[in-house]
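Shown here is one chain on its own, the form predicted alone, set out as structure tokens.
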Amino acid sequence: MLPETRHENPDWLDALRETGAEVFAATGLPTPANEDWKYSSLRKYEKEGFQISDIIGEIDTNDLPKKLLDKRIVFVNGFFQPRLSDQVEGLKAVSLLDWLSNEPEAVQENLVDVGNLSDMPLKAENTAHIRDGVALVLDAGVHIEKPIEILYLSTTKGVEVKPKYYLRNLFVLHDGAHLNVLENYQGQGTYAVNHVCDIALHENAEFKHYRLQNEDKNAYHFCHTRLMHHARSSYETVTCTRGACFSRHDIQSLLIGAEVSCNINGLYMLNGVQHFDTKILADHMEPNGVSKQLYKGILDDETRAVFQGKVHVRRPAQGTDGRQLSHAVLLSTAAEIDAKPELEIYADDVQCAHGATSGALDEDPLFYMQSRGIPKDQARRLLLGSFLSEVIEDIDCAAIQSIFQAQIDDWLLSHQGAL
């Protein structure tokens, strides 16, 4: 089944696609020669021979994983599935093509990139293949406090090639709107996903945005998130990563308004030969903004993690509070973590700090717990679980917190022999 194109595209969208195609043709896939990809190679990905696919197949509710929350919006192979999705009162889930026919200026404002696509080759590739997507819009003053699950299911069912799927989403929260979302990435088979998410937070908007990346262990997961923060808006995100053989998440947080709050946190649990790469930019442009980054992970076997976090404080952004931390526990001598925290500050009145640690599990508390009669395997699980749980302890939604805690407990239990 192929999605149908229902509207004639405006000239600016065709031009945007052409720009993306031209940039990607010129740059190609990023290599370690690119500073942002210094620690990550896509040679194995390139050898897989993934091909673009628009095939969705015959998917029904029996093909979907169990719901994590009461309300769920469903995407399959990059396309919105209204018939499999729940209606959420107050939330407008609008096809980009439908929105283009009614409010083309609003789409253009939120879709056109203000950056240089040549610095973001995979986003350029996604831009070249924009066909449809969904804008999730909250009108001014609308509060949806109960969390919503957004399921992104990728499947090779009915597909004869190794498929590559593209997805483009917009979240637009108008003045004073509040939204709480859990994005759940799942899949079966060998496939690649290139997902771009643009988020616009208008004045006093509040977005709590959680991500569970649990793709198939044979999958490749690429995601680029861009945030536009207007005055006094608030953003909180926690990403839990345990899936995909290779995953990369680029987060571009543009704090263009004053008194903005932005917390970008994550935890990861890796085994086998998994590779996980995160790159974060918190760009403070106006006064009295707060940004915090905390990433913690466990690496076993021959896994590799990369954390590149940057806080950029421009001259007008006096009163900025910007902090970032990366901590990793390595359970194997073959595991590796590369951390590159950065501060670039041009303002005088700021409070900024960064730090990174990595190493084996501390033997002293482990010995203490064993001396109190706790078996070694259980003691290691308790210590590792406590280490990761710090990332989720400030989540004020009990349902989301319990979902992440269950992921931590499940991973530790399934690897108890290795621990």
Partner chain sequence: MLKIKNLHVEIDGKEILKGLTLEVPKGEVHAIMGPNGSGKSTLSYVVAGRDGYEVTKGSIEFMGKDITEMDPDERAALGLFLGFQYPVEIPGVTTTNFLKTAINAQRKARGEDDISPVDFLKLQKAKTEQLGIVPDMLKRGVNVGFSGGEKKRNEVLQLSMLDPKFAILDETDSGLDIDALKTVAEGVNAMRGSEKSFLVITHYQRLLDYIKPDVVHVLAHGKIQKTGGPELAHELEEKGYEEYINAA
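Being a predicted model, the structure only gives us computed values, none of them experimental. Positions refer to the first chain, counted from 1.
Below: the form predicted in complex with the partner chain, not depicted.
- Although the partner is absent here, residue 375 sits close enough that one of its heavy atoms falls within 4.5 Å of the partner chain in the model of the complex.
- By the criterion of a heavy atom within 4.5 Å, residue 371 is counted among the residues contacting the partner chain in the model of the complex.
- In the model of the complex, the partner chain sits within 4.5 Å of a heavy atom belonging to residue 386.
- In the model of the complex, no heavy atom of residue 57 sits within 4.5 Å of the partner chain.
- Checking 52, 29, 64, 382 for any heavy atom within 4.5 Å of the partner chain in the model of the complex turns up a single hit: 382.
- Segments offered: 43 to 51, 362 to 370, 29 to 37, 66 to 74. Contacting the partner chain in the model of the complex at heavy atom distances within 4.5 Å is 362 to 370.
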